[in-house]
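This document starts with one chain, in the form predicted on its own, laid out as structure tokens.
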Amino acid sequence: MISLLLIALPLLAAAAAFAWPGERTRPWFLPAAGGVHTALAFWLLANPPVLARDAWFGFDPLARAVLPMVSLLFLVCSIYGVSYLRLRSERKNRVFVTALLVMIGLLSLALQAQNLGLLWVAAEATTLVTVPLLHFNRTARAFEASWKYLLVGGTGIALSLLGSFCLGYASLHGGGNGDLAFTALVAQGASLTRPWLITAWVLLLAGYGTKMGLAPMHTWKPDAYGEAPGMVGALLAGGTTTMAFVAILRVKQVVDAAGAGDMTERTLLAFGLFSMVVAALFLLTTKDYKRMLAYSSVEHMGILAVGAALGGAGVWAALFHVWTNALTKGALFLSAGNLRRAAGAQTSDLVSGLAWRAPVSARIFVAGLFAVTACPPFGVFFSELKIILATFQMDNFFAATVFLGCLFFAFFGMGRLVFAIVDGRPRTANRPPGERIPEQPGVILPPLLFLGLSLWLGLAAPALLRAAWTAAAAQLPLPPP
């Protein structure tokens, strides 16, 4: 029942927010619904329910490992959203607030889905509801980003649908009844027809890899992250991509159970390392600090794919990294949004000296740089360290070398850009020289909270979370040696 509330509550709040007449008070629906949603998610984390075998959705170990993080991410972003929408009072917020609430409801459904068809429906609906969020600024570039997200994301979703059909046919051709429930597909295991199984894996990996932002299917990310409001970018980087990663893990569970674990290991490792290389190269050249966050997200999605390819210890580390990356990205996206409003531009050709113009946000952004590039004692350092150790345990020294090299170049590229816009004489495209921008507590405290949470996970990740990651990793069969 509580797992159903995680889906129904945000949708009911969305309907109420859409009907609410007050522009100034409507944003308060976000933290109100987010607070209750987070309380329910963490209650289920501490008291996991028993999932019925034939359930279409439920709070299983994999949902337990990631859904509380997505809920917490939404709550902190929604607190930020109240002040943000007050600052952006020239924009009507009815559609924006409603779409955000529908988004968290759909993410809750997708992360709990126990049927491949239901998962696809939730992922498709999430794609559609994200479009008005990307178009909130209503500029020509935001319009272009919205269409690119819709077209590229829609292509990925179409591939996922075709892959779902292929997996169903693999079940039918193998003597099953075509049931797309994950428990039924795993139980059928080795009887799934191999050619259709392989085709399904390729299509589903490409489809959900597009939503996740793995290279070369990442092309929607720079435009979408560059033009979206900061809180929307944070939810995309920590929520939507997590949904896609969980979808890949669930399909991997089926393919591994059919005896094709070697294939999933090789393909995930290849996509993961390739994504890290592509991201590192772009990070060395980009001049746009919001697009920089998009390429950083591509890198970290590659890190998740590498972890998932390494079996039990790697999956555990990847689930740990889901938390550390999402919370750290939250700090970066929210502070980047503050800097964008302060500067009126977002490239190093037009912006410098933000440490003077928006001193608190600039310092949070610099701290976020060190956090996301795996500097201790932030959580990303420890999650990436565990993935590297897993590569050594698998004796994959090539993967470890590429992994470490990409981390070095990513740090160099991001550091180059961040300090270029923070240091120096105050200079922006659309602001008087030397003007300081008032930084309200409502837009400063949420990114600070994200940084504190990232630090907390690095220094003292609670035993309850570790147990949840362990249970989720145990749910997924290991690839054969």
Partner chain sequence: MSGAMNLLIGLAMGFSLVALASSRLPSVIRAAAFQGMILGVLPLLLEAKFHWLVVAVAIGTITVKGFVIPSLLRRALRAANIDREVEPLLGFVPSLLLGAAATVGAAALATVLPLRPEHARSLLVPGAFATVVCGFILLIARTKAISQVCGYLMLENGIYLFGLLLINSTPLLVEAGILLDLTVAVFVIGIIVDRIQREFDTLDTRKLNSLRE
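What you see is a predicted model, and the numbers here were worked out from it, not measured in a lab. Residue numbers count along the first chain shown, from 1.
There is also a form predicted together with its partner chain; it is not shown, and the following applies to it.
Looking at Pro359, you'd find every heavy atom of it more than 4.5 angstroms from its partner chain in the predicted complex. Within this chain, Thr155 lines the site of its partner chain in the predicted complex, having a heavy atom no more than 4.5 Å away.
Shown alone here, Ala145 lies within 4.5 Å of its partner chain in the predicted complex, counting heavy atoms only.
Shown alone here, Gly168 lies within 4.5 Å of its partner chain in the predicted complex, counting heavy atoms only. Comment: its partner chain is not present in this chain, but in the predicted complex one of Leu87, Cys375, Leu172, Leu385 has a heavy atom within 4.5 Å of it, namely Leu172. For the candidate set Arg341, Arg250, His321, Arg291, a heavy atom within 4.5 Å of its partner chain in the predicted complex is found for exactly one residue, namely Arg291.
Proximity to its partner chain in the predicted complex holds for none of Ile7, Arg24 and Ala41, with the criterion being a heavy atom within 4.5 Å. Only one segment in the set 405 to 413, 75 to 83, 326 to 334, 196 to 204 has residues whose heavy atoms sit within 4.5 Å of its partner chain in the predicted complex; it is 196 to 204. Residues are counted as partner-facing when one of their heavy atoms sits within 4.5 Å of its partner chain in the predicted complex; in 53 to 84 only Trp56 qualifies.
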